[in-house]
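Form predicted alone, single chain, as structure tokens, below.
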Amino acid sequence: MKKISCLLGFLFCVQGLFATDGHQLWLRTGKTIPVKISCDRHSPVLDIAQAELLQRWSGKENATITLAIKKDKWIQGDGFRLHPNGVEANTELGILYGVFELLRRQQTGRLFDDEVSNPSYQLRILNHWDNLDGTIERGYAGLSIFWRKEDPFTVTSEDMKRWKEYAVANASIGINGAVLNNVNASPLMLSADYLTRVKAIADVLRPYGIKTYLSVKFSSPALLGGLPTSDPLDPAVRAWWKKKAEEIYQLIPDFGGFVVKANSEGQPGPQDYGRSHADGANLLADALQPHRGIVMWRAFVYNPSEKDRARQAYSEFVPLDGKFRNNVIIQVKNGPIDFQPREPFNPVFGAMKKTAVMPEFQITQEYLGQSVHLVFLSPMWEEILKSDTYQGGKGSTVARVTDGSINQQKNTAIAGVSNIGLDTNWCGHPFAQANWYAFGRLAWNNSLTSEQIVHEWITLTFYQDTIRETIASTEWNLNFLAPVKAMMLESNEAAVNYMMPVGLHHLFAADEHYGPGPWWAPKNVRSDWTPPYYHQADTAGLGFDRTTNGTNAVSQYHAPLASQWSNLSTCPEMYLLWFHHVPWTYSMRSGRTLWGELCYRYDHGVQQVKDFQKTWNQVQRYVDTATFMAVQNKLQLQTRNAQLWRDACLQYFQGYSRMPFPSDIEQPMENLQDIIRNDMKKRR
């Protein structure tokens, strides 16, 4: 007993040494080793770069690091060159990004000799869906870091501190833009008081290379300016936007521009006046153009008259290709529906050649367990970026179409919907920080693999100096890094399995987009907001027919994808029920029927999450107690949620398939009627 007590005491002592609340993210500072810095100039940006080196250097003691701005033809934009003695770049921001890369490689043990790193996208932007009252739409980590309901216009020292920490974190992964408010924008965002607060935020973010952007309501001229119309072709409306842009740039000379959600989900837009998306976007582009601002016009549009919501973005935007100003970028969600656990890439990526398009990913896990489920999103984004659109022939991946490699674009950009709030650890779930990190790394280099990114994040986040001093690196790599990496890389596919496998989508319960609800279809709700619209279950089979026999959405993709995906025998099984209504007895490649495959996939997802619990329990000694308990509790809840998804969906679909559950899977643990009854209680 004495030996056991001593061992437990040692473990708790070790855990106490590296206890953390997660606030430092992947930037946890260990011992400071003296370093000499050679830099022949000073500026706010360069001073920050030097301060970061002095604060985080972990290399050779008293080494001399040179930071030099030189014109190098191999370096593009804010890229940089790393060499053993320092960082070279064409710009000051390139020096800052190079310093963070140098520090990252020190911490992760990744060696280099002489290497150039250029950003894949010029604009690497976080979209915050923050409201002016401090709440966050689809936010799961507390209130907004930018806005608050009480005393909204006072800027406190705590505000400034938080914004600076936010800026450091973003700069460390190359993010250079922030949209400060919800795409469902309030017209008050452009009022004088709120613009003054925007100026205060911009002043803090600027030295870290982060430009501020705002989402704007298209009807602001009428709602805020008192005009009788917001028609984009009306001269008074055009004058109003021109004057508003001048007002903004007087306050914020480096203001980035506007994001617009128009004619979608009830938001006003140019179509309200019989005008096109190009008319609306060009109105704002003309106002911003003298100041070098851009318009990011979202392609997320749909209405109840469209027979297939997946077709509408293509139908509305592709005919307008080439009609937008060159400072307009069409912001396109990764899939044609709405950030589902798995979707094929949005066909707009492969269709527009004359107008710049940019991917929009969702970092906050609206449809993937929010701040409860451990789901590493990089594999999903990597899957989309590497998808071949065949726009210019084989090799025209989404990454190459959007980063300017295929089509010459004046502006290239990528956006991620933020998962950041006022929670101490920023993101709610300790592992949700990895998705913020992964977005930044992919935005800088869209050819990185998820394995590379997760290796970096785990090492930076968990392998601190106090662990290095007490646990050998070989032991840590084998017993912590390897199993946690495997868990994270598997987590996205596990979520697809226990939520919506084989191409199913949008089976969520109403409103919160959290639990299962394949039955939910109230008569007073438009059909394309309900799961039955998407799963189309009947006694004959399951799935949405988007072939030539159905809505023909498959025709929006280039050859050979259109023919491959429209053929039941050649369609990838991960998209099968997305494009086809499939008989329950259809033979899958596993040899199982469709029904048997669904049962297996749902159950396998549950077993995967149970294995995550086991993995996490086995690494307890390598993690501080608070973090271990927080993740353990969330994994337990995730397992119960996964079981609920399996039990609800399989029993519901069994009512149509009329086939028994396979004997070799875990049988449902909760009755479907009880699940539906509990779901209805939550809505009262």
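From 1 onward, residues are counted along the sequence shown. The structure presented is a predicted model; accordingly, all values stated were derived computationally and were not measured.
Here the subject shifts to the form predicted in complex with a small molecule, a form of this protein not shown in this document.
Do all of Trp129, Arg298 and Tyr367 end up near the small molecule in the model of the complex, with near meaning a heavy atom within 4.5 Å?
Result yes, every residue of the spot touches the small molecule.
Which residue, His277, Lys261, His580, Arg601, is the contact with the small molecule in the model of the complex, using a 4.5 Å heavy atom cutoff?
Among His277, Lys261, His580, Arg601, a heavy atom within 4.5 Å of the small molecule in the model of the complex occurs only for Lys261.
Have a look at Lys485, Lys610, His513, Arg197 for me and say which one sits with a heavy atom within 4.5 Å of the small molecule in the model of the complex.
In short, His513.
Which single stretch, out of 452 to 460, 159 to 167, 135 to 143, 214 to 222, brings residue heavy atoms within 4.5 Å of the small molecule in the model of the complex?
That would be 135 to 143.
Under a 4.5 Å heavy atom criterion, is Arg81 part of the interface with the small molecule in the model of the complex?
So Arg81 does not count as contacting the small molecule.
Find out whether any non-hydrogen atom of Glu265 is located within 4.5 angstroms of the small molecule in the model of the complex, and reply yes or no.
Answer yes; at least one heavy atom of Glu265 falls within 4.5 Å of the small molecule in the model of the complex.
Would Ile201 count as a contact of the small molecule in the model of the complex, using a 4.5 angstroms cut-off between non-hydrogen atoms?
Judged by the heavy-atom cut-off of 4.5 Å, Ile201 is well away from the small molecule in the model of the complex.
Given that the partner is absent here, does Lys333 sit within 4.5 Å of the small molecule in the model of the complex, heavy atoms only?
The answer is yes: Lys333 has a heavy atom within 4.5 Å of the small molecule.
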